[in-house]
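Only one chain is included here, represented as structure tokens and corresponding to the form predicted on its own.
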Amino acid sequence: MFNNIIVKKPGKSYVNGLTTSDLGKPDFDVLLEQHEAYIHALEKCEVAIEVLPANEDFPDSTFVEDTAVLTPKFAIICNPGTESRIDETKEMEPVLKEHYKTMHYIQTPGYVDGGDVLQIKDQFYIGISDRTNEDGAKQFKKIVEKNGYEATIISLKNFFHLKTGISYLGNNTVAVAGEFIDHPAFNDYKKIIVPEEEEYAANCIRVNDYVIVPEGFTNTHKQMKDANFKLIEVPTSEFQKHDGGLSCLSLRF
């Protein structure tokens, strides 16, 4: 159950931000419309939403998830694995101190992007990727295990972030794509298999009574509806152009 959501408006500099995709340059006006649609979807989930202003100095900072991982009792300030994004945490830290007394920090030479961390109840999965290294993953694991959680480190083969290819939907069910379909770490969960042509749909978010999903992925959505999940579809094309998915755009706690 989430009570609070933090989102951050994209600035005009977003169109020049980081990307590994080959999907073209984002349309800034459409981007803003899609961000508003995302906020409207969250409003349906009955949460308090804090909207942070854009910061043109940080083109990628609308992807707030990479700055921190939040639990009911403490926050972990991440250390993003791209130099241009590291200082985004300095902007997020005072915002989170309004909600948390206990803060932990990933320290260099360790790096962790929040997009590489998946929490399922009392279990954390930490992906080692181009943005999260082994040192950072081990630091994260040590922090959460000291606080009563379990943690598993997973080396990624193909996905950009861990949550690019897997999401927890609730009811002991995960949406999985690609390398995670048969990954032994997830064998104890019921699985909604995302087909290769709809791989982007593996990144979605469960917020209270709803699963918010990217629009246009009919096969995956049908499977979710057949499993009795209530969906809210939102447009995401301009975020996809910069490797962004639905989980990237918010901090949920």
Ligand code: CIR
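The first residue of the shown sequence is 1; numbering continues from there. Bear in mind that the values here come from a model prediction, so they are computed numbers and not experimental data.
FYI, the form predicted in complex with this ligand isn't displayed, but the following is about it.
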- Item | Whether Y38, E233 and E238 all lie within 4.5 angstroms of this ligand in the model of the complex by heavy atom | no
- Go through 217-225, 183-191, 62-70, 42-50 and give me the stretch that gets within 4.5 Å of this ligand in the model of the complex, heavy atoms only. 62-70
- Message: With a cut-off of 4.5 Å between heavy atoms, is Y100 one of the residues that contacts this ligand in the model of the complex?
- Response: no
- Item | Heavy atom of P10 within 4.5 Å of this ligand in the model of the complex | no
- Would G115 count as a contact of this ligand in the model of the complex, using a 4.5 angstroms cut-off between non-hydrogen atoms? yes
- Message: in the model of the complex, is there a heavy atom of this ligand that lies within 4.5 Å of any heavy atom of I5, even though the partner is absent here?
- Response: no
- Message: Can you list, in sequence order, the residues from 11-44 that come within 4.5 Å of this ligand in the model of the complex, counting heavy atoms only?
- Response: L18
